[in-house]
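Below are two forms of the same protein chain, given as structure tokens: structure 1, then structure 2.
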Structure 1
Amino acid sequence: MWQNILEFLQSTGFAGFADSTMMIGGFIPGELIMLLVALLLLYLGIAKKFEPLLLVPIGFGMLLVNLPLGGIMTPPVGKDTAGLVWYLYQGVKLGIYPPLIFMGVGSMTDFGPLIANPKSLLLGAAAQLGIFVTFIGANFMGFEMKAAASIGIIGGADGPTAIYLTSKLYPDLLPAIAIAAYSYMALVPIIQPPIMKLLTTKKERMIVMDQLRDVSKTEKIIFPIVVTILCGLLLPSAVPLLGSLMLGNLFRETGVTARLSDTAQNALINILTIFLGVAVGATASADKFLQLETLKIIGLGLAAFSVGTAGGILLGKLMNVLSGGKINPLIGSAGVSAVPMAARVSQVVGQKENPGNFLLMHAMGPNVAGVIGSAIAAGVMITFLG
């Protein structure tokens, strides 16, 4: 019996630390460090309100997978069933969750401000510069090309797109990229303003833009269909993401599919967000996450956001000049996506110079355009590297 008790003790997680595949400094099990990282993520999500809907499940998934011997991500072996989260992870691996989540995002998104101001689309394109500059940077820093593309997409500032691309190209980087993407999205109000102020003059920031025109219901219905056909023909590999986004938006706008829109943006997106978050977090085993690469990714992610912000602002300046001073360049930074945070930042920075200036609706155009833009960029990456 004492033998049995000993064996039982060896099956505890405390004993599991001793068998860790990764001993840092020779005696600290990697899992222990990972538990601290998980706690940090939970802290950021809960106390700092960093995208809590994602970071809380991701942090908890990371915690679960790093409890030694818990087996929550064990694949099935023979007739043994797999760990719980392994099953949930299949929806990430097979590319199912991100497009369906995008459907919910679509049914929450109002493209009205974009339809009212088509020039917004250019700003949404320019802000994707961060993706490509970071892609090149990551190549130079030694990442192989698939990894570099996955890292670059952080600059798209769009969670489902980043997770979809990474799960297709380089799943090992999933947790680092997801965490970087969501953290920087939460940090947009801190990252963007200095860049915005640096690149614009006070006079530019004070520009008051014309009221947007009304957008009819018909336009809002036709828009998602047009986007799907146009972009789908141009870039077939963007169809799963863009098509789902636009289907959700169509449910929202028809006026006769309110039931579907409601479920897409509530029950369905919430269920999948839980599954996706926990599963992505649970890919963060110590040996994959505690690498120098992770730090590099966090650094490159910041660069991606900054370059994207600058790209949007600079094109905004150019468009302002060309339009004869009618475009406030501050709305350009909203093109990175991070809906609607980046648009709010444009509003806040603009209002600081000119309290009567209301840029929010004008910034929503580039903001939602950025979602389309980064999905297209992801499609290009999949076409070449997928």
Structure 2
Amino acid sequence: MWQNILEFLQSTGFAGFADSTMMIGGFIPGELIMLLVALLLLYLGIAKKFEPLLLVPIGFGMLLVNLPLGGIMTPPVGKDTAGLVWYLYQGVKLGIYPPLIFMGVGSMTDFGPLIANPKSLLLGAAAQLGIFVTFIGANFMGFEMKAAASIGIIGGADGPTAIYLTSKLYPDLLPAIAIAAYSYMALVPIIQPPIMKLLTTKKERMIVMDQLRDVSKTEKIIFPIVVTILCGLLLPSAVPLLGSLMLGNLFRETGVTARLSDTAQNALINILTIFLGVAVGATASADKFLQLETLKIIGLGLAAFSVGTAGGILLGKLMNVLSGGKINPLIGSAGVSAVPMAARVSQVVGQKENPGNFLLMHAMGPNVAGVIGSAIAAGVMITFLG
């Protein structure tokens, strides 16, 4: 009996901690550290409501993979089947989930503010500055070109694009890139406001912008078709992401594909969010995540996101001057492609200074432009480095 009890104890996760290959300080299992990180993400998602649709599945996936002997990410060996989440992860690794998620995003996105104010494209482009500045910085720090590009794309604040690019250029960094990209997307309401206040004056934040013109149904139908053709001809490598985004938007705007639009923006994207979130979280095992290189990537990702936010704001300030004070620079921060979180942050910060200020629709222009911009930036990098 005692032998059976001993065998049982040795089969538990508690005993698995003792066999950890990642001992911090010589005696703290790395898995235990990662379990605490997972609990922190769950706390932020549930208690603080920081993008719970992202942080809850990511945090729980991280928790699952760091339970010793759980085997949820074990690859197949011989006739033995793999862990459940290993199969889900193939959609991330093979770049299947990101375009499908873009289809759902497109079906939920109104391009009207961008069509009504085409200058928003410039703000979306300026916010991609973080991608290219960090790409150069990461390369200077010793990361090879493909790895540096994968790190830089975090600055777009677009998780699907970051995953898609990294799966094409440098799959070894996929766990760290995915966690960093989605974590910063979720933390937009914390990261952006200090940068916005630092780079703008109270007077600028109080600017009330003129109401946008109405956009016709015909314009909204033509837009995704034209964008797909132009970008597809100029940058074929961006077609999987941009084409899916525009197809989803076309479902939304045609008026004759309501069922497809409903499926894309509800059932499809909800299922993909669960699969992607759990799979991304499950890549953060202690042996892969608790590395100096990973910490560098997370730090560079924060720098990329911050520079991108600053780039959009600074161009917004310039456009404000050139327009004679008619553009609130805060909308430039929405040029990162965290839709619609970044646009909401612009609205919140502006309304704190002027309760009668309504920037949301103005900020949605740069916000959706940022989605297009990050996909184009990824396409450029794949074209030159792939």
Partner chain sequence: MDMWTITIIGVSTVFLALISLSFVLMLFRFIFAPRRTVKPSAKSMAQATPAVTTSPDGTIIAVITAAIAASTGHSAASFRIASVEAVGGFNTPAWGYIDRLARAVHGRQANI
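Being a predicted model, the structure only gives us computed values, none of them experimental. By rigid core we mean the largest C-alpha set that fits within 1.5 Å across both forms. All residue numbers here refer to structure 1's sequence, counted from 1.
Between the two copies of this chain, it is structure 2 that is the form predicted alone. For Pro52, a C-alpha deviation of 2 angstroms or more is recorded between the two structures after rigid-core alignment. Relative to the superposed core, Lys197 undergoes a Cα shift smaller than 2 Å between the two structures. Core-aligned CA deviation for Gly332 between the two structures: less than 2 Å. Here Val278 exhibits a Cα shift of 4.1 Å between the two structures, evaluated on the superposed rigid core.
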